[in-house]
Ligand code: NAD
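Given next, in structure tokens, is a single chain: the form predicted on its own.
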Amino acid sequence: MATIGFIGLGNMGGPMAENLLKAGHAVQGFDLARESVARAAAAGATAAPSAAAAAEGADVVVTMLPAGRHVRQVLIDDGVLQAASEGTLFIECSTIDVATAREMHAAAEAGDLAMVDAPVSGGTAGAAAATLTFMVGGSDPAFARAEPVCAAMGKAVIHAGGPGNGQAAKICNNMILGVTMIGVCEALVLAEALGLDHQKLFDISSKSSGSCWSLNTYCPVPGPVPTSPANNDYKPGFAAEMMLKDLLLAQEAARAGGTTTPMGAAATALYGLFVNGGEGSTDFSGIIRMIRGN
């Protein structure tokens, strides 16, 4: 078993760290929020006084932070890369821009450290149940080291290619998710206007060409999928502000690569309206309320 430094013990990172503890690893955790550290400590983690301290003596360091600027702040400005021992493996699970991910890979390599970018899909429910999907970018040797650690927190660990490719996979995947959720919401609202019952449309579309994750697993109306946030007043889940963040990353990457993504751009604009209307902390499936007009 390994000693793992875990930096970022929030809604995603906290349950992920607990699953590492359940797998028998020793975890030394840090978060700016004291209550998050206290929860991890109650689960068996050692509370580290700083991000750098969490990395000291660790075989592996996992980071789960909000954005690229936070990752750069923690790893470089706060001295986490410097505090780590030579050969330490960094598993960077935040969803950030590809350019920053590759910059962090280069900084780690310069310090004789190993790194993978390993953003996840599955939301808070997946983090709690250890059913996340990890999209991993990095060298073959780094992936081989990261795979068993990630497997303690998820059901699928997929090597997407070299440095930054994990982030590339994540933003492409979430652009699909954002676009399909809006399509499902529009279809359900149209069904309402036409007098078609939600459950009837679900029963038909989930077994035909309209079948998709946004409908089958995360249906945005109460009833058809009892575990979806629609049955809990759209409490996340995966917050709309996080979906908007990922869509903006996808649009930034599309511009940089000269790629046209009109549906992605439309989804970004709609989620921008939803979030700017005060719904940032609502689950992203709650956008059906805006589409419905209430």
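We number the residues from 1 along the sequence you see. Because the structure is a prediction, the values reported are computed rather than measured.
The discussion below concerns the form predicted in complex with nicotinamide-adenine-dinucleotide, not included here.
Using heavy atoms only and a 4.5 Å cut-off, determine which of 40, 65, 244, 48 is in contact with nicotinamide-adenine-dinucleotide in the predicted bound form. The option sitting close enough to the partner is 65.
Exercise: residue 103 in contact with nicotinamide-adenine-dinucleotide in the predicted bound form, heavy atom 4.5 Å: No, residue 103 is distant from the partner.
Is residue 30 close to nicotinamide-adenine-dinucleotide in the predicted bound form, meaning a heavy atom pair under 4.5 Å apart or at it? Output for residue 30 is yes: heavy atoms within 4.5 Å of nicotinamide-adenine-dinucleotide.
Please determine whether residue 5 contacts nicotinamide-adenine-dinucleotide in the predicted bound form, using a 4.5 Å cut-off between heavy atoms. Residue 5: no contact with nicotinamide-adenine-dinucleotide in the predicted bound form.
Would residue 13 count as a contact of nicotinamide-adenine-dinucleotide in the predicted bound form, using a 4.5 angstroms cut-off between non-hydrogen atoms? Taking the distances in the predicted bound form, the answer for residue 13 is yes, it comes within 4.5 Å of nicotinamide-adenine-dinucleotide.
Spot the stretch among 182-190, 139-147, 204-212, 67-75 with residues whose non-hydrogen atoms come within 4.5 Å of nicotinamide-adenine-dinucleotide in the predicted bound form. That would be stretch 67-75.
Pull the contact list for 164-183: residues with a heavy atom within 4.5 Å of nicotinamide-adenine-dinucleotide in the predicted bound form, in sequence order. Heavy-atom contacts to nicotinamide-adenine-dinucleotide in the predicted bound form: only 170.
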